[in-house]
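This text opens with one protein chain seen in two forms, each one given by itself as structure tokens under the names structure 1 and structure 2.
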Structure 1
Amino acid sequence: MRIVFAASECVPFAKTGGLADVAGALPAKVVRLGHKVTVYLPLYSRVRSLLGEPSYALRSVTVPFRYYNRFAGIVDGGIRAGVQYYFVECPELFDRPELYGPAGGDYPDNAERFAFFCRAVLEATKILGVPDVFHVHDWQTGMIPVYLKTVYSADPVLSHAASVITIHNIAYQGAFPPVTTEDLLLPWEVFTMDRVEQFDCFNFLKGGSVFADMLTTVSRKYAEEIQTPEFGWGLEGVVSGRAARLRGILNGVDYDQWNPATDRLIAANYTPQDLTGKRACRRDLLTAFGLDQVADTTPVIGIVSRLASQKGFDLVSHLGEELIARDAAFAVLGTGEPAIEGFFRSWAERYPDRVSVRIRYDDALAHKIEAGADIFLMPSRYEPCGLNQIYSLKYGTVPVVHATGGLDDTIDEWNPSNRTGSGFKFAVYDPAALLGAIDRSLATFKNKIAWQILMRNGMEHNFSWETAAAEYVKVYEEAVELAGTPE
């Protein structure tokens, strides 16, 4: 099969979150199963500086809008691990410092930027190769299924292509004013409640979810959750209406990047059989965070996260003093919403010998935390999959998580009587329940033998992409079979 991936971020080119890890790892695994995969990404300024002098596959692809045309260059990124990369160039839209907007916000022309990207990809494939399946991700590429089933439905080549949309996070929908319909040259008949209209907005994710042939999301639990009002952010009706075509496929981990036995970004390597290196990693982490005075018997709790309300740090700020009353130190890395950044900064200022915070994006430091911390904290209000808790398992850093979405699917509660389980989780989203889980982890930490068993239980888990890639291939086959058939 031929598959085109269209994504707004992808490791190693441009990343703000887990979508980039997925788009970076999955294509090569699908190639290994015998398929041909091409990845399209916008050519952001940071990608331009990585690529150097562009080599064009196509000089000019026309994308019409209501009052003007825009033109895309298609830059050939070459083949890596069997995957062909193309970058969609349009300096006016993509040569900007951020992917989506300043400080967690949005650029005002994001509808145009990502609709342009989608349509440029479709036009480019007509020359460079139309796939059997377009695999699109989140709202930014949600217009591909919409275009395929509307303005391109009579196109002799594109009309045969199927599409699959993966919802990585249903809370981000790409909602724009109704006039977007005309700006994108779509017929007004798509602006209805059963198509792209949602609360009088033109909604990219809704459009993608309505028009794609198959839908996936990134864990089984989240596939169930998004069909409920609590987690569906208004799209629960759309998703549950298409439940027969929805699959929950847990993300894998790229163990070439995240493995304490081989990781070059950490102070010492270690394995489940020989954990001695982890001690050096802990010392290195404490030095990097200016926490050298922390006693060997005090557990270090790590956090690496986008600082968004999704991630549950309101619970941590609620517990601020109570947590300080415990014997634990905190190493926090993240950027995002100013209020959450502000809470962590002031917490660290008040308790400098116990809490240290780095407000930035820093991949090397993320690896140091995964390796050097004893406990990894992820109290997310909701979490479609979550990758950091899975990295933590591999690094013997015991996760404490809220039992939601992928966090619930990947972490089993430690059972001290039969010594099974890989972490600690709390069911009800409230501060007392989080504190309960943290207290269970701190109590277990004191028992060296139990703790080592718990660490090893996690380290022996394998969330490889091979399994997930095989499930995606099944979904592609279903999409091809179902394309155009009524539900």
Structure 2
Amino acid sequence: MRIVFAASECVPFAKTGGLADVAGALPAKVVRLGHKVTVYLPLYSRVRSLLGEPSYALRSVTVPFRYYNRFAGIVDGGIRAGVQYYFVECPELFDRPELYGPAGGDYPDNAERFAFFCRAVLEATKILGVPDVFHVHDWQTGMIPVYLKTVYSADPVLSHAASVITIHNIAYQGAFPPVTTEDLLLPWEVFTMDRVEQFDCFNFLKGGSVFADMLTTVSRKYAEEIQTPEFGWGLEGVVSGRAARLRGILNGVDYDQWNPATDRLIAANYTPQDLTGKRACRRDLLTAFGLDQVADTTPVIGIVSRLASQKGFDLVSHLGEELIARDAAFAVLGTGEPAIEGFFRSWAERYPDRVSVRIRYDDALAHKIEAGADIFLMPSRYEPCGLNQIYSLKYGTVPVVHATGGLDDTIDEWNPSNRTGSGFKFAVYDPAALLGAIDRSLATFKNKIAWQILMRNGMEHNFSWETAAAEYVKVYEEAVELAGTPE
């Protein structure tokens, strides 16, 4: 089978979130299953600097707009791990400091930028290879399914191609003024409630979700949640209406990068059979965060996150004094909302012997926290998939999580009676419920035999990409069968 991935970001080229990790890891795993995969990405300025002098697969691809044409070059990014990479070049649209907009905002022409990218991908594939399936990701590429079923529906080259859209975070939808319909040369009949219109806006994600042959999202629980008003962000009716074609597939993780047995960024390696190295990692973490005076009997709680209310840190800010009353130390790494950053800075200033904060992103420190902490705190209000709780399991760092999305799918509550489970969860999103989960973890930590069993339970879990890739291939096969058929 031939699959084209179209995404707005992908490691190692450009990243703002988990979408980039999926677009970077999944294609190679699908190739290993015997399929041919090509990835298309925008040629951002940061990508251009990585690639160096461009080698063109196509010098010029024409993309029409209402009053003018734009032109794209298709840069050959070569083959990596069996995957062919192409980059859509348009300097006036993509040579910018950020991917989507300045801090806290969006570029005003994002509708044109990403519609251009979508149509350039379609035109390029007509020359470089039409796939059986287009796998598109989030609102930025949601126009590909729309175009396939409208503008290109009679194209003899593309009319039989199927499409799959993956919703990584339904809160980000790409909503633009109604005139976008004309700007993108689409017929006005697509601007209706059952197609792309949402609250009198042209909604890219809604369009992709309506027109795609299959839909996926990044965990089974999140697939259920986005069909509800609480988590659907206004699109719950659209998603529930297509539930028969929706699949929740948990993201995998790269155990080549996140494995305490081989990790080169941590003080000592260790395995479930020999946990000795974790003690060295804990000492190294405390030194790195200036918490050397923390007693061996005091559990270290680690946080690596975007510091935002969505990540549950509004709850933590309500519990500052009560958490300090517990016997625990905190190592915090991340950046985010000024109010949440301010809370953590203030907390660390008031209790420097118990709380240490680094307001930045640092990959080496992230590895140190995963390896050296005893408990990992991830109280997200909602979390489509989440990766850090999965890393934590592998490192024997017991997660405390809110039972939502992928957090609920990946963490099982510790049962002291039969000694099963891998962490601690709270169901009701409020400070008291979070504190209860933390208290259960602290109480269990005092029982060293139970704690080592709990650690090993988590370390034995396997959330590799191989499992997810096989599930995606099944979705591609379903999409090909369903392409063009009514629901």
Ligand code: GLC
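Here, a residue number simply tells you its place in the sequence of structure 1, counted from 1. As the structure is a prediction and not an experimental result, all values here were calculated from the model. Take the two forms, find the largest set of C-alpha atoms that superpose within 1.5 Å, and that set is the rigid core.
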Displayed copy of the chain that is the form predicted in complex with this ligand: 1
Selected hinge residue, from 155, 253, 233, 306, for two rigid parts turning between the two structures: 253
Rotational displacement of the smaller rigid part between the two structures, which moves against the larger, in degrees: 9
Core-aligned Cα shift of residue 418 between the two structures, given in Å: 2.6
